[in-house]
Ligand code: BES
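Heads up, the chain below is alone and in the form predicted alone; it's given as structure tokens.
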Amino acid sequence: MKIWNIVIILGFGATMLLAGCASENQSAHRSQAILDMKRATDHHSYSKPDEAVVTHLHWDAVVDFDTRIIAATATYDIRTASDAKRILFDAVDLDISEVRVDGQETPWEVGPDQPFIGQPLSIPVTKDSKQVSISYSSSPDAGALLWVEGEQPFLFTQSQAILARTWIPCQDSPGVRFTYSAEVEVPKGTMALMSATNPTEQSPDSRYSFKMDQPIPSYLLALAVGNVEFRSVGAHTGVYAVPELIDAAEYEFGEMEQLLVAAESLYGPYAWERYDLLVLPPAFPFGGMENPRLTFATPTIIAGDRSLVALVAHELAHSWSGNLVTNSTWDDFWLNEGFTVYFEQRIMEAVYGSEISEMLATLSYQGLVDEVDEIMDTNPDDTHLKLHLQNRNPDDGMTAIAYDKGCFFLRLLEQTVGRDKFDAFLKTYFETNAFSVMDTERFIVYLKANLLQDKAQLEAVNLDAWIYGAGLPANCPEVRSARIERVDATLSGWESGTIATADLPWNDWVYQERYRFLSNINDATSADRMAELDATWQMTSTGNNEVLFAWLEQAVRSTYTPAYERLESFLVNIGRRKFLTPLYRGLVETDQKPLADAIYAKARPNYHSVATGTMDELLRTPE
């Protein structure tokens, strides 16, 4: 069984793409960066961009809710090497009807299916080939697509990490970037939106045109179709949501422009023109997805008090870390998420103050320590920042390691050299490497050359321990929050009986404090004490989904059954994997698996494949 090895390099005209997006000096820097870059092998793509690479996509598509199929033609401008004989695309369950090269119908070959990465689509080309056109239909069960049924049907995609290939043939590697345009026909009464320029009103003929002039990797291709409305919340920001949520969304995200201004003041101009946000159905498997120009967000962050906007700060930060400078392969995922968590906390500090940002950092540290302990028991190598995901689903790398260990590594760098110097380094890093890719080894070279020139500082940081070592290094920065410490003292007093339930400062606490209290309650807490909390502070009826999740997880651990009706409703209607995994796991670990199975049987049809893949594994009955 033949598997093509893949070499990822952004080349063959990529520098020409970059030149259109920046000044001549910036373009020169980026071109040299690409030439100097160590070639990184992407084990999750069949594409061979050193032989033939896509540079621009035009996508013409019809979305059919009745058949749950997208029928489309993907036309790529390509650039080929002098000895090019074929161009390789990634594909999963695509029904390909015709392929043309420079307008001429051409035979093609689909190779054998491989776990996780699907099939290679091989199309013959020569050094003179300029364009490849692929007509195809997606499968009704395409992994990236969720068709939400009901009175108001909705479709959305989730392409990260390697699911773009399930709805469009593409060179599905984060190391390959291209611009795109699109024409999309959708059912009457719906609006189409993409990670590109977007409409603000429904089209009379149900056809929509899109353009993305900045080059992006395929995992940032995104499509949503539904009956949504748009509201502006700032000069460069706005929100989309279904009619029944648009008022709440407009209020909840009314401070997005402030977040954008704060981000620009830290690390330079926003490169994507607009920053809008789309509130998706609750089945969306993540908190948010940083699709350029249009963040996809879960409705579970609409709390009515703007308390969960850290998620918006996170997705906005991706406009620099991830979207602007992209991890070359999924083994380098920490270069995307670690930078973003650090940047998110800096945005939150700038807009809401250090008390809030340090509470967020403290919660992140607690989650990181817990996950490191868990992973060290099973696969210590997965606690390295630089991962080794060959022959594995790249989703395996989406843990607190990439996010929070990566963030604390950057926090260590900041503490080592000073904030002013580190901020200047990051700003230059984003400017110099804009619209290009970065791998871990090249980043180490860049870091040593541009920040850690001092030998004593370099030794103090201990790069190898952080990037290639297991667990948390001894020099992990300490994070302290006086407010969180007071919460911990209050919890200790409540558990010992010296603080009465009615005397808890619940109404004075913000979400982070409430979450800390609930998530640290002893698992052995009796159902009677849980009932006391519930009766006094109406835990089960809270409207903040982060707080509700922490309460429901504790209810499961304490077998507090009066909360189980809300638990089932939550699990059936919410598809966010961050919530689902601990709740189902809690049921399994407390010998309540029959209940978990019964709820999952009702809920599974509502979940995206990203969530069902995890839950199927978690709830699988041992043979």
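Quantities reported herein were computed from a predicted structural model and do not represent experimental measurements. Note that residue numbering follows the sequence shown and begins at 1.
We do not show the form predicted in complex with the named molecule, though everything after this point is about it.
The single contact residue among His314, Arg86, Arg346, Arg442, judged by any heavy atom lying within 4.5 Å of the named molecule in the predicted bound form, is His314. The contact residue chosen from Glu252, Glu337, Asp332, Asp90 relative to the named molecule in the predicted bound form is Glu337, the criterion being a non-hydrogen atom within 4.5 angstroms.
Within 4.5 Å of the named molecule in the predicted bound form, a heavy atom is found for none of His43, Pro217 and Ser328. Heavy atoms of Tyr429 never reach within 4.5 Å of the named molecule in the predicted bound form, leaving it off the interface. When the named molecule is considered in the predicted bound form, His318 lines it closely, a heavy atom lying within 4.5 Å. Proximity of Met289 to the named molecule in the predicted bound form: non-hydrogen atoms within 4.5 Å are present. At least one heavy atom of Asp395 is located within 4.5 Å of the named molecule in the predicted bound form. Considering the named molecule in the predicted bound form, the lone stretch of 149-157, 120-128, 515-523, 398-406 in range is 398-406 [heavy atom distance within 4.5 Å]. If you take 355-394 and check each residue for a heavy atom within 4.5 Å of the named molecule in the predicted bound form, you get nothing at all.
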